[in-house]
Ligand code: GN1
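Presented below, as structure tokens, is a lone chain in the form predicted on its own.
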């Protein structure tokens, strides 16, 4: 993984040449890095002379997404299903689905001579994203956005979607990977590393809760987003209402509990994932209440009694999972996530593990919130 800014890796004329495969008749006036994602390289391309003035250009990270054609197929199935459903049953407010632009050859990706896969997506105009929730109204909108995503896909058969990331959000798999990395190498010990080692060691059973419930028939497979953190939700710049859920690479069959938990994990940590003062991280139950006030009224149509019973566990399982992934990547030499310095993934793991502790300390409060809204 490169540790540099995406634009530094590419010649600008090279980027323009790639972008013109999607809009061959248009003049490109500017191209610049966009967003703060950890996986793909993303650019905002400005065009001259057509109504849609900008679009998103992305290089798909094939180290992570080894089947980019299937990723695009899933995105297409999702987009067509939701667009059809909205045409038949419009919402009472704005909701945008990212559009996939095709090449002159009618492909939804462009493959370069050296095997890179690029795609082009519509830019949701008049929108903005946030790395952290700032108030309870925004928290409700985050919950509304995820609820709308799940609602609009609740009648899409999950088996139609390819498994583009085998093992993704299967927490026991991440625990197994961690144990394998642990068994391989000599670990550079420190106070922080020792803390993480003990933390994971004390919580091996946590990794199995959701998958055991699935195996027992208590939780069923649905369409999941896979990465519904706060900065993957777009808000209208004028109304401040949520208008879209983006970053659809990970849309696949899975447990919606991983989505619910991940949304709450990211939304209720005001310090963010990148803070080095990890001891100060706290799970904010006020925002947890706001998110669930936005989510649960929409989700009532498809949630079961068992689904409600596992919401609290979902929050701490996914938080533990992400911390475990960061820590494993640190021990393995930072091969998955973009990092800015060698200990970056270690500090990220500390943030998530501290968040788990805060969630566990507030179990009764969180369960009461779920009960009251239900």
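Positions refer to the first chain, counted from 1. Computed from a predicted structure; not experimentally measured.
Not pictured, yet referred to below: the form predicted together with the named molecule.
Going by a heavy atom distance of 4.5 Å, is residue 326 a contact of the named molecule in the predicted complex? Yes, residue 326 sits close enough to the named molecule in the predicted complex that at least one of its heavy atoms falls within 4.5 Å.
Even though the partner isn't displayed, in the predicted complex is residue 273 close enough to the named molecule, meaning a heavy atom within 4.5 Å? Yes, residue 273 sits close enough to the named molecule in the predicted complex that at least one of its heavy atoms falls within 4.5 Å.
Test of understanding: in the predicted complex, would residue 311 fall inside 4.5 Å of the named molecule by heavy atoms? No, no contact at 4.5 Å.
Look up in the predicted complex whether residue 138 has a non-hydrogen atom within 4.5 angstroms of the named molecule, and give yes or no. Residue 138: no, not in contact with the named molecule in the predicted complex.
Contact segment among 303-311, 66-74, 24-32, 335-343, judged by heavy atoms lying within 4.5 Å of the named molecule in the predicted complex: That would be 335-343.
Interface residue in the predicted complex among 132, 182, 165, 213, criterion: non-hydrogen atom within 4.5 angstroms of the named molecule: Checked against the cut-off, the match is 165.
Residue among 151, 229, 173, 81 with a heavy atom within 4.5 Å of the named molecule in the predicted complex: Result of the distance check: 229.
247, 265 and 322: each with a heavy atom within 4.5 Å of the named molecule in the predicted complex? Verified in the predicted complex; spot residues all in contact, yes.
Just give me the residues of 113-130, first to last, that have a heavy atom within 4.5 Å of the named molecule in the predicted complex. None of them.
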